[in-house]
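Only one chain is included here, represented as structure tokens and corresponding to the form predicted on its own.
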């Protein structure tokens, strides 16, 4: 009996553990992260983005934010922002990986897809005063990042990581702040991956007529939706902050519906077609068209 011979038992147990370790942890490295796993569109970080990533780690952002969208449908819907779940090819240039497991704050793997603003205005406002855009947030303020960026080792980092760069890339670091760098990093997250745009046929099924003509009937729901999804950029009273005021509009109901549903990438407005159903969008349209600032 093995239990009566501890030496043989220990040897056999060790062999079994090593077989399991080899099959589940060592052997997979022979076929993962190979050429077939790479995503051609995913590019290395620029010097500014790499500096931002280092600041992200320095400030411990990865302690509260994960960077991996799991394959669960709820995860994809909440954090995919149109990019689906995370693939291994998205992280080929990450040294080290920042997948994480804690989500005191939201997952940031694809945060660049949610806020496409080229100037990063939402990110700046959020970093300087998180509660100004997400009132319930317990994230501390990072306004102190508005200080000159130390670029002493920027070129050395790029060489060590074997990332391509040019003198023009290094020159762009001049006059930049740590805030500029971390925003550049977050704006990149998820934006390299191909996104399947909504087909025209899918939009054809959406009603072109606003089913709500009475603001009173939908006001409570509309205000609740607005507070959750729109107030951070358009102001608590729709007075306009990062985005324009929404106390009336010359656009047609159908035009407003299309803007909310598809977003305006050039202006940094995200698409809400994947997170808000048709009825909720029409309620927002009704609020914008018929609501007054002080109602």
Partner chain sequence: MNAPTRYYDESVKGFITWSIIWGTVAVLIGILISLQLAWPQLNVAPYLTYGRLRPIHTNAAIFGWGIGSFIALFFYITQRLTKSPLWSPGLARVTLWLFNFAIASAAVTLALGINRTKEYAELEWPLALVVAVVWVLFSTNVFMTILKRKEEQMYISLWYIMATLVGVTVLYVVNNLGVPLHLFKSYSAFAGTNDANVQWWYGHNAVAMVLTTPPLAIFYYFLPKVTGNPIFSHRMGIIAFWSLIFMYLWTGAHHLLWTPVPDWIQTVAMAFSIMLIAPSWGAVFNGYLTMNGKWEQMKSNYLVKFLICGITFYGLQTIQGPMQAIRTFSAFIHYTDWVPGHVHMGALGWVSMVLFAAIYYAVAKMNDTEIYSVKLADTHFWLVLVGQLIYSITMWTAGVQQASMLLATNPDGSLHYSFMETMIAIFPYYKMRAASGFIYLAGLLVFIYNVYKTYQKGSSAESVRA
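Predicted, not measured: the structure shown is a model, and the values here were computed from it. Residue numbers count along the first chain shown, from 1.
This next part talks about the form predicted in complex with the partner chain, which is not shown.
- This chain is drawn without the partner chain; in the model of the complex, the residue among 134, 195, 215, 223 with a heavy atom within 4.5 Å of it is 134.
- Annotated contact segment (heavy atom within 4.5 Å of the partner chain in the model of the complex): 79-87, selected among 180-188, 117-125, 164-172, 79-87.
- Looking at residue 40, you'd find every heavy atom of it more than 4.5 angstroms from the partner chain in the model of the complex.
- In the model of the complex, the partner chain sits beyond 4.5 Å of every heavy atom of residue 147.
- Within this chain, residue 140 lines the site of the partner chain in the model of the complex, having a heavy atom no more than 4.5 Å away.
- A residue is said to contact a partner when one of its heavy atoms sits within 4.5 Å of a partner heavy atom; residue 63 meets this definition for the partner chain in the model of the complex.
- Using a 4.5 Å cut-off on any heavy atom, none of the residues of 162-188 reaches the partner chain in the model of the complex.
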